[in-house]
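This document opens with one chain alone, in structure tokens, the form predicted on its own.
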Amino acid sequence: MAEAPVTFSPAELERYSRNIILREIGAKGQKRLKAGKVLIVGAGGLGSPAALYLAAAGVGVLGIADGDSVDLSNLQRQVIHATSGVGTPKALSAREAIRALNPEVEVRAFEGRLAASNILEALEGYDFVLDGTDNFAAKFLINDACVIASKPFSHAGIIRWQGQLMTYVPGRGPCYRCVFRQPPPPEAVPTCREAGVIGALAGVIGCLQALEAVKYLTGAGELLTGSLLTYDALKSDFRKVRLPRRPSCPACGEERTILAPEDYGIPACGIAPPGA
């Protein structure tokens, strides 16, 4: 049965008017946004601004996956949450903030933890995935699952004053594992909890992830496919580095050996440790 055509109410036309007058988006692109479904894994520093701006842009369905609760120390950068929400599950806190911003958006909150056993099911039905997690085990799990499921996704990471992001589109460039190969040994790389992170940096990088999703859904502009964009906030310096696809990559290469997701360690931010 054919899907019903995407239409806009007068209030929606006013809400999205600044999008629609853009030559690269127009009414056709706005319809694609309204029909789009984006899964955000991690409602933290990166997922917070990304979720707010995707909701504001009019993405029809936003999935929010996070198994943690709001902590007071989160509020320095996780702007989708409020002081009154401390102790609330992040997925539910984010859902309420999105509904307050744009009630036209359907929000699917997933309070549990994603793991190898359930991540492929969680990806079903989504057009694009945002990796807003803060650890390598989660990032490799998301990468492998998205490659297996042929889902495009935006990777990003932040620490101290530095951030980076890249976009994977099936068949069009390298995946995360092509570049970073395998998770480093536990505790080899400090976390934001240990090394610190400037809050506004999360806003910059998370918003760039939202832009990647908007561009993918609408077909506007060029994606960060085959490129790693880095940002040094102290120097106000953006750099884009070309990334080759690795033919021997076990996830997306010519002879794949990763055919199912695998848990890689004990991470946080909505991804489960083995056996959890």
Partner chain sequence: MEITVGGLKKEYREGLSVAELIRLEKVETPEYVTVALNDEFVEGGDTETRSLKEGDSVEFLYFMGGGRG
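Numbering follows the first chain given and starts at 1. Treat the numbers as computed from the prediction; the structure is a model and nothing was measured.
Not pictured, yet referred to below: the form predicted in complex with the partner chain.
- The partner chain is not drawn, but in the predicted complex it has a heavy atom within 4.5 Å of residue 162.
- Heavy atoms of residue 66 reach within 4.5 Å of the partner chain in the predicted complex, making it an interface residue.
- Although the partner is absent from this view, residue 143 stays clear of the partner chain in the predicted complex, with no non-hydrogen atom inside 4.5 angstroms.
- Residue contact with the partner chain in the predicted complex: residue 182 places a heavy atom within 4.5 Å of it.
- Interface residue among 157, 152, 89, 203 relative to the partner chain in the predicted complex, by the heavy atom within 4.5 Å criterion: 157.
- Though the partner chain is absent from this view, in the predicted complex it lies within 4.5 Å of a heavy atom of just one residue from 35, 56, 233, 228, which is 228.
- Heavy atoms within 4.5 Å of the partner chain in the predicted complex belong, among the stretches 25-33, 56-64, 216-224, 42-50, to residues of 42-50.
- Residues are counted as partner-facing when one of their heavy atoms sits within 4.5 Å of the partner chain in the predicted complex; in 224-254 these are 228, 239, 241, 242, 243, 244, 245, 246, 248, in sequence order.
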